[in-house]
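Coming up is one lone chain in structure tokens, specifically the form predicted on its own.
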């Protein structure tokens, strides 16, 4: 089992931020990544649709012998994670991207925290519910920012268009006075510096990638699943090929990658 890969899935390129953090912290681990580009973005899909997609992708990753499966998508973590645990917990270890962030925030004792994410993530109220359970004294403001994922997936980053969209969202008065901002979507770390600049680099911008990677390492150590063989094979799959996915993947993983289209829906 130690040599088996870590399964990771997201609706598109966003989960690559998590995969990249995992490779930095756990360079000896193999990963198998699935980007459901045929259905992106998940943020405007119904909870039932997201559950359906997440079940099939989890089955795909289990077919490829994943020893752990990481739901590297906030929308899927919010809408489908409990369903996945009920159906697959007896077959694999499942990790989401919300719980590790909530636990980290609880150690920081902020007075006011902002959360931005897709419509699905924000409407689920998952961050607010879980943060309030651990830290009832913390004020939480949630804001849906639905244009950011398609903007990133279409390659509009580090330009005037993306800066205008980001500023339009983050100028919302509800975010006044926040001490930290949770990037409640794994796509958002790609534009983390642009987001931080809006706040003059004065608040903590928290993306899940490093926090989740550290949590994953702890879980692998606890279950004696660290790969010590020295054999590493990374594989990337998409449900619909897009040149931009390959471009971003090569940027994160520095060079050629093993990318295949896997039509798991037919």
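Just so we're on the same page, rigid core means the largest C-alpha set that superposes within 1.5 Å between forms. Residue numbers count along the first chain shown, from 1. Model, not experiment: these values are computed from the prediction.
Quick note: we don't show the form predicted together with a small molecule, though the next part is all about it.
Novice: Looking in the model of the complex, any heavy atom of residue 149 within 4.5 Å of the small molecule?
Specialist: Close contact exists here: in the model of the complex, residue 149 approaches the small molecule to within 4.5 Å, heavy atoms only.
Novice: Would you classify residue 40 as touching the small molecule in the model of the complex, given a 4.5 Å non-hydrogen atom cut-off?
Specialist: Residue 40 belongs to the contact set for the small molecule.
Novice: Is residue 145 near the small molecule? Define near as a heavy atom within 4.5 Å, in the model of the complex.
Specialist: Residue 145 lies outside the contact set for the small molecule.
Novice: How about residue 118 - does it come within 4.5 Å of the small molecule in the model of the complex, if we only consider non-hydrogen atoms?
Specialist: Residue 118 belongs to the contact set for the small molecule.
Novice: Counting only non-hydrogen atoms, which stretch in 233 to 241, 41 to 49, 199 to 207, 219 to 227 is within 4.5 Å of the small molecule in the model of the complex?
Specialist: Stretch 41 to 49 is the one.
Novice: Checking residue 9 here: with the core superposed, does its CA move 2 Å or more between this form and the one not shown?
Specialist: Residue 9: C-alpha displaced by less than 2 Å between this form and the one not shown.
Novice: With both forms fitted on the core, give yes or no for whether the Cα of residue 96 moves by 2 angstroms or more between this form and the one not shown.
Specialist: Result for residue 96: no, shift under 2 Å.
Novice: When the two forms are laid on each other by their rigid core, does residue 248 show a Cα shift of 2 Å or more between this form and the one not shown?
Specialist: Yes, the C-alpha moves 2 Å or more.
Novice: Closer or farther: the C-alpha atoms of residue 252 and residue 74 in the model of the complex, versus the form shown, with a change of 3 angstroms or more?
Specialist: It is closer: in the model of the complex, the C-alpha atoms of residue 252 and residue 74 lie at least 3 Å nearer than they do here.
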